[in-house]
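To begin, one chain is listed below as structure tokens, in the form predicted on its own.
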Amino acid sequence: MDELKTTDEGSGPENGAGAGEALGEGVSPRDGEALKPSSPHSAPNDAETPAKEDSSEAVILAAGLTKRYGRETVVDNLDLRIERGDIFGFLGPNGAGKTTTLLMFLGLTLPSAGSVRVLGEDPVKEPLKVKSQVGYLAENMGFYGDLTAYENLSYVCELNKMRDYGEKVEEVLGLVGLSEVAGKLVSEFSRGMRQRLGLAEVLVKDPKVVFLDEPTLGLDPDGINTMLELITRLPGERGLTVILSSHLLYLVSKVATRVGILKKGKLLAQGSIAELAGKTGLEADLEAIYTYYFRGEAA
């Protein structure tokens, strides 16, 4: 179980995106992660399905989405469709382009080419409309250590000009299992408890889409299981679409309804595990499918 533990913290937010700041209030999450199929004899190009014009059930449509830093291309011509109610797992090693892709979806970094629509809105032209409908759990969330969990979430609500938010704060703290420690200082929270508080911060604004960047990083096994159980409940209980970025295959395989496999800025494949198994002739095992595409691309 997550245990309370004391850490040295000042009165300001900890490292990472500060409370209420991850979507543009002040602090931006880190940018800079860095996808082509095509083995001559192996992995098929299962990433070339273009973004469809019919967006009736799509919450994210990307077409030719590209990001360059100088001469380096970190996201390369990405076509992607994510459906309403999906738990979509972005898979790839560190530097594959996962975080940079999420930041373009959020309007926190501008694409070099291509386009993306989130809930029908262009995050380049209408970033505030996108940010008002989505939530983002950064890899390293920051909170005020000298405030309680309840006070931190109340501050987020005030930043977002929410009214009569007391019941909402209590609701999301209950959802993530922190009701009993709502009055504890965040400086006394373990890593797992802070991650759950981060998820509560995302949910308190009633988003339609949530982006989770390595949400289990640094958690112990019990904390990982708790976070994954929370994630699987979000589409059914709250009608959310979840985009999950991780390099941990076994974790994504437990929760994702569809996946996208990225490598060096290119999308190698996208689809459900069953669909990708059918295309590759493999068992419905995500690790085997992932290895197949990586070896095929490299061949």
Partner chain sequence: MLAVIKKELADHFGSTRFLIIMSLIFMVSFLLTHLAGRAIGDVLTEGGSELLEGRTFLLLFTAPAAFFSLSVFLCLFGPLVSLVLGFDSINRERNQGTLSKILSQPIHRDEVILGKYLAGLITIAIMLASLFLLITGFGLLGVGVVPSADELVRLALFGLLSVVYMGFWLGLAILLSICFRSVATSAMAAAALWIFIVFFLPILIQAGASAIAPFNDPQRPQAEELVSFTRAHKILTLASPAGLFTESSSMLLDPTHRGSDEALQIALMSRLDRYLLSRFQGGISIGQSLIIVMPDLLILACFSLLAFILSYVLFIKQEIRSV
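Bear in mind that the values here come from a model prediction, so they are computed numbers and not experimental data. Numbering follows the first chain given and starts at 1.
What comes next is about the form predicted in complex with the partner chain, which is not displayed.
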* Structure fact -> If we test each of Leu80, Leu173, Ile87, Leu108 for a heavy atom within 4.5 Å of the partner chain in the model of the complex, the one that passes is Leu108
* Partner proximity in the model of the complex: Gln195 to the partner chain, non-hydrogen atom cutoff 4.5 Å -> no
* **Proximity of Asp222 to the partner chain in the model of the complex, heavy atoms at 4.5 Å** => no
* Asked: Are any of the heavy atoms in Asn160 no more than 4.5 Å from a heavy atom of the partner chain in the model of the complex?
  -> yes
* To do: Would you check, heavy atoms only and a 4.5 Å threshold, whether Ala138 touches the partner chain in the model of the complex?
  => yes
* To do: Spell it out for me: taking the partner chain in the model of the complex, does every residue among Lys67, Tyr155 and Lys205 have a heavy atom no farther than 4.5 Å from it?
  => yes
* Among 129-137, 173-181, 113-121, 223-231, which stretch sits within 4.5 Å of the partner chain in the model of the complex, heavy atoms only? -> 129-137
